[in-house]
Every structure is written in C-alpha cells, then in structure tokens.
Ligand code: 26Q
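In the form predicted on its own, a lone chain appears below as structure tokens.
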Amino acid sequence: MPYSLDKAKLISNLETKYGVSADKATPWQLHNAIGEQVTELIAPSWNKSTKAHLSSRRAMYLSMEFLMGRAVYNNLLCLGLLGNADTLLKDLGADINSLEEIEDAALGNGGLGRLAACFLDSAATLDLPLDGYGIRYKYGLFRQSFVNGWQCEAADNWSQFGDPWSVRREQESVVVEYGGGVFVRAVPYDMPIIGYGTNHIGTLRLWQAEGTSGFDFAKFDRGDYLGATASDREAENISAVLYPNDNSYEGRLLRLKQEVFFSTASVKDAIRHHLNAGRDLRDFHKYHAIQLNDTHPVLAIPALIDELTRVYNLDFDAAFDIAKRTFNYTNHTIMPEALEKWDSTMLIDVVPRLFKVLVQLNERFISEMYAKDFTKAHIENMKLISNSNTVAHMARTAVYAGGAVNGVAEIHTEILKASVLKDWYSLDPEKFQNKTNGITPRRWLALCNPELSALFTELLGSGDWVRDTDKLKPLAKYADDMSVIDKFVRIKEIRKQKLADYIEKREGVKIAPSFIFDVQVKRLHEYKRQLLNAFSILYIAYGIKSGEIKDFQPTAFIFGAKAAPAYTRAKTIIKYINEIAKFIKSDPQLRDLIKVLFVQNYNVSYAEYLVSGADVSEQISTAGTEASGTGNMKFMQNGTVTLGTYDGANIEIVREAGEENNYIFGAKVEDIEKFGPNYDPRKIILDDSKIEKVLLSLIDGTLSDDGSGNFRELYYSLLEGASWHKADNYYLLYDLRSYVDAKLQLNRDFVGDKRGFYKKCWLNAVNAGFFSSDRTIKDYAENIWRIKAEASRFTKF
C-alpha cells in the first residue's frame, strides 16, 4: 500500500525534539525528523519481512564493507515519497535539496562495498530473503582534502548528528571471545533496506563493538581515571574505523580483530535464530546460505565449526559437512596481496580456538589429497596453512571448506580458473561459477538522473523498467530518431550543468558544460592506472602547444579517488595530477582547451552527479587486473561511451552495446602474456620522444613534488622497477600511445558529429540492462543460495 508523510507529525517532531520550525531547521534536523517518521511508517512491513526471512531459507551476505551512501533520497524514492516530501517541505518553507548536506554513510572503501549495497537493494526489490552483515564503524573511510596538491585525511564522523535509519537491537547482542579471556560485546544496529515498489524490506545488520566490563570504580577511586574505562575503550576501537592501515603489526592486529568480530557475531546470530525457530542444528545448512564477500569474512567458517563442535557437541565431520553446505565465496581480485593470509602466531594470540579449527581443516585436506595420490609438492602449493604451518590462507580455506566459488566478470572468472585458483579448479570444476556484477538502477539511474528516467518512461509508456531494465533494450530503435536523440542531448546538457554547478560549489572551479566531460572515478590504485590518464593529458597538452594537435574540442578531465593513507605511491599520483592541473591552468594556450580537476572527498553522493553528467567513462585498468568494475556500469547506464581496455566487465559492455559505440585500446591479456616476459619500458621512450617528454616531467622540474623525491621514485619505478615488482608492471608506457590515439579519435568524433557521438551514448544507455544487480542477484538466488522470492507475502504498490 502507498505511504504518505504526515505534515503535522513532522512539525511536531521538529518542535518537540529540536525546538525549531521547518523553515528554521538545519539540514540534519530535517533529515532526522523525516528519517524517524519514515522508519515508523515502515515498521510493520519491516517486522513482517524480518519474520518471513527467518521462517524460510535465507541468505546472509557477510561483508567487511557496505558503502551505503546517503539513505534519505534513495529510501524516499523506493517508497514513492520523493514528490510527497518535496511538496511537504516546500509548504513548510524548507527545501528538500538541503538534505544534500547530510553525510554519506561511507562504510566502505570502493567497489566491493558499493556492490554489497546494490545487492541488498536488489534482493529487497525482488522480495528475496537476503540480509547483510558487517561492522558499524564509528568513522567512515576518511574525509579527503588537498593541501598544496597532497591528499590529507580527517576523521569522517558520519553519524555525529544521529542516524535515524538505524535501530539498536540491544536484546540481540552477542559476545565475541578473543584469546587471553578477552570478551567484547557485539551490539547490532539494523538498517532497513527498502525494496522499490514493494512492501518487502530487507535488513543490514551492522555490529558495534562495546566493552563488557563497564566503568571500573576501584581504579577510578585510586586516581587511575584512564584505566577506569581502558578495557571498554580497547573494545570500542574494534569498530572505530574502517580498514586500519595494515603496514604495521598493530594495524594488521586490529584488522584481524575486526574480521573475527563481525564474522563470529554473525555466525552466533544465525545459530540463535535457527534454535529460536525450534530447528535442529544438523539442519542449519537447509535454512542458511552464507556468502563470503571476498576473504575478509572467511573466519566465519572456523567460527561456525567451533560453535557447532564446542558449544553444541556436534562431531567435527558433521560440522564440516554443514559448513561446506552453508558457505560460498566470492573472489574480487587476482591481486596476490588482496588474497588474505594471516600469520599463525597472530591467529594463535587473537583467536586460538579458530586457529585450532584451521589446523584440523588443513590436516583433513592433506589427508584427502594424499588419498587422491597428489604429490607432496602439489599439496604444499594448496595447503590451507603453509610455510611450515606459519601462514594461514583465507582464499584456500574458503574454497576448500565452502561450496560455490565465483568470480565477478567473465574474464575474471576464467583467469581465476587458469591462474590464481587453477589447482582448486582442477580439483573440483563444478564449484566454480561466474556472476558478473551489477548495479541498482534505482540509485544509479532513477534517483541520480531523473531527466533521463523520465524520457525512458515517456518512450516506454510506463516506469516498469525501474524493476526490469531489460525493458530498455527496445529503445535502441530510437538511435536514428533525431527528435529523441536531440531530447537526449538536451538531458545531457542539463546533467552536465548540474555537475558543473556542484563542482563550482564544492571545489570553487568553473567548468563550461560545452566541454567534453571525461571522468575517471574509482579507488586510487596503480593497476587502475590514473597515472596513465595523467600521462595522456600531458601528452595531448604538449601536442596542442607544438601545433601538432589542432581543432581540439575543449575537454574537462575529472578525477575522483581516495588513496589509502599508507599508500605513498598512490598519494604521489594524486599530487602529480594536481600539478598537471596547475601547469595547464597557468598556460594561456592550454587553459581554455583543457581543464584538469581532482575532486575532493569523492563519495557515493558525488558519484551520483558524476555518472549522470559525464560524456566519457574512463575504464583503463591493465587487461587482466580489474575483476569487474561497477563504475563502468553506472556510467554506461547513464549514457556515456566507455574509453577502456579489454578488462573486467568492459568486455561485456562492448558485447552488449557494440564495440563501434565505445573506444577500446591497449594490450589484451593474451598480448601481455606474449610480450610481458621481455618487456622493457626504456625501449619505448628511446623509440618515442613524445612519451619520453611526458615521462621526464617527473624529474625535469616541469612539475614539482615539493622536494619530496616522490616523483623521482615514481620515474625509476616505471623504468627500472623495484624489489617487489618489475619495471612498469602495469604497462602504462606500452599502452600510452594507443590510449592517446583513442582519446583523440573520440575528440574528433565529437567535433565532427556531435549527434553521432551522442547516438553512441544512447545505445550504451539502453543496452545497459544486463548490468542491473537484479540480474546478478537472481543468478545468485537460483544457482548458489537456492532461495526463492515470496512476492505473495508483500504488497506491491
């Protein structure tokens, strides 16, 4: 049934709690008042949905990250209340747009966490019993700013003014035990995940760490004021901050404690609900499918086995069998450093019981392999605990002690089978599946691009496409209808103006909407090759100055990314891009043709403007390194061309929309396999003086690193490598020329036939239906989790 906001209740709430009228309320006061009323409105449906989940087979999505973003607009959209809220606030002298001041819930580091958020949205919309489990970090990733071009980090206290979208469930707290008799209370905060057009509401349960000791009066009386609360503070640190730096022992120790904390708490929670329903624990796997989102939650496997054997007296064989039928593992990267491994001594100190289970699993695996006549050397390469039992491998544990294993794009899954998990694939090919990632069309189209959404609805005669994006595909027939393409171009101009206005407000930088908006936004990592983009901009700038590049359509190259605080080289790349921006701005010949901007504090809310206002989506990772990407899908869905490599989901994007409607460049995986072993980047700069000039900008004084020496280190890293990687190990210099050629071709196409260029954009938008996370979740539900939608339980509206 449709919902409606109550004006009188909103007025009363603001006056009672904050002593203000709506026209005088701050954005956070308005936000909290609206959020509290919406949460009250949906309470009956949420309770009904929770009971439905717990009374049937359900899936649990365990993830270290949930990058939810700002909830208010998305929740109002899904409930059909956006227009209602806008009108109501206007009547009260307030503005719904003021809610843009509300902080994002930035409880994630990038695509992995944003994907988790999209999956929950899709499951709720599809009436599927899926719930998320993670950590309620007090501080999000961090607030980013630039000082003299360098990234600076500040604490992101996202809930400092309260969080009306989370409900503390004190009575469902559990206790997590660490080594040395240390106990930490895990208190759940439940966040509603509102399905679009349905009364079905899923739950994201985030655990907050709290002490069990309380205030120590004896220590306080002795004058030990800090000691009186020390144990509780130490416990609270576990959920204080997202992903501590793990380049120190202390950082890795805290990260391990975090992974143990939410994995164990989630397992205990599932067991409690199972027993409360009067079920036999031997049937646990019949009612629970637990998806491990990368290696971070893998310790949930030994946690479940430990609970079943130690607390509930099942024998190890039975517990192991239940685990194999319960857990499934998603791999998100082939990067060796991201396939988590834990030092055995650390595990023994932090979670001795769980390490004991890992040892038992390892011994069981070795016995099984000997029974299959595997060689000792082969077994050594696959052992769950290797290097004389000193290193525990989380990915190996997940594959061995769980059920299905999946990659997140076709090429990524094939690479897993052929390299990273080759031995495991040979052992049990039936375990491996592909689940190409997807994005929710609710936030990433209906919400962030209302103008394009309205055009789709007008052409189709209904808005059903928001729940079924395959319905957009027939709109490809309008690609040659100039009246439709002209409407689409006008929408692009509107979205570009809104992005330009947002950038001017946030960054103080003016960009004319007539510029091509070329955007690369994602986590800052060398393999994502923001540095390649920077090199190409400088290459083009030099070409304009020399007169070789003529009739260049003015272009804004926009970056957005956060570098991990301890990732010095990534932070150096940010500085380098900001120096290029300064260099171009100071040159009268360049500044009216090129704008370079690195936006500050890139997050979900910023992304909503960027993906809807872009012309070009930069997806330029080295072939074979990006597992999937989801940013590429968001841009495509909003009508951009992809400028990218044959990597991740780019391959499937090209298949869906046509290579002729995108700009693909660079070496493919098979090319790198051929030339990679003998690759010498110095030969490239010896043969190409233009590339050499670009690279020399790192050391010839063209751009300043403030005397840090970081640019010089980057230069020699590319040409000579380092002890842990070979020279130019992501092949930037190899791909640079073909990348620039693709960029210039795109620019010429825009100049020569603007309508033709936007026809390519249109064909990308209407062929993006495959990349809905609804499709991905249906695949998981049917082929891994074996859960069913229960639409009959929930009213549609």
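Quick note: we count residues from 1 along the sequence shown, nothing fancier. Everything numeric here is computed off the predicted structure, so don't read it as measured data.
Absent from the display: the form predicted in complex with the ligand. The rest refers to it.
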| property | result |
| --- | --- |
| Proximity of Y249 to the ligand in the predicted bound form, heavy atoms at 4.5 Å | yes |
| Touches the ligand in the predicted bound form: E618 (any heavy atom, 4.5 Å) | no |
| Residue contact check: Q589 to the ligand in the predicted bound form, 4.5 Å heavy atom | no |
| Close approach of E626 to the ligand in the predicted bound form, 4.5 Å, heavy atom | yes |
| Listed residue that, although the ligand is not shown, lies within 4.5 Å of it in the predicted bound form (heavy atoms), from K575, H296, K562, R442 | H296 |
| Proximity to the ligand in the predicted bound form, single hit among A556, V408, I290, V267 (heavy atom within 4.5 Å) | V408 |
| Whether R57, R279 and I301 all lie within 4.5 angstroms of the ligand in the predicted bound form by heavy atom | no |
| Listed range touching the ligand, judged in the predicted bound form by heavy atoms within 4.5 Å, from 281 to 289, 249 to 257, 720 to 728, 393 to 401 | 249 to 257 |
| In the predicted bound form, residues of 435 to 455 near the ligand [heavy atom within 4.5 Å] | N437 |
| Closer or farther in the predicted bound form: C-alpha pair H412, D246 (3 angstroms or more) | closer |
| Closer or farther in the predicted bound form, the Cα atoms of N387 and D246, when the shift from this form is 3 Å or more | farther |
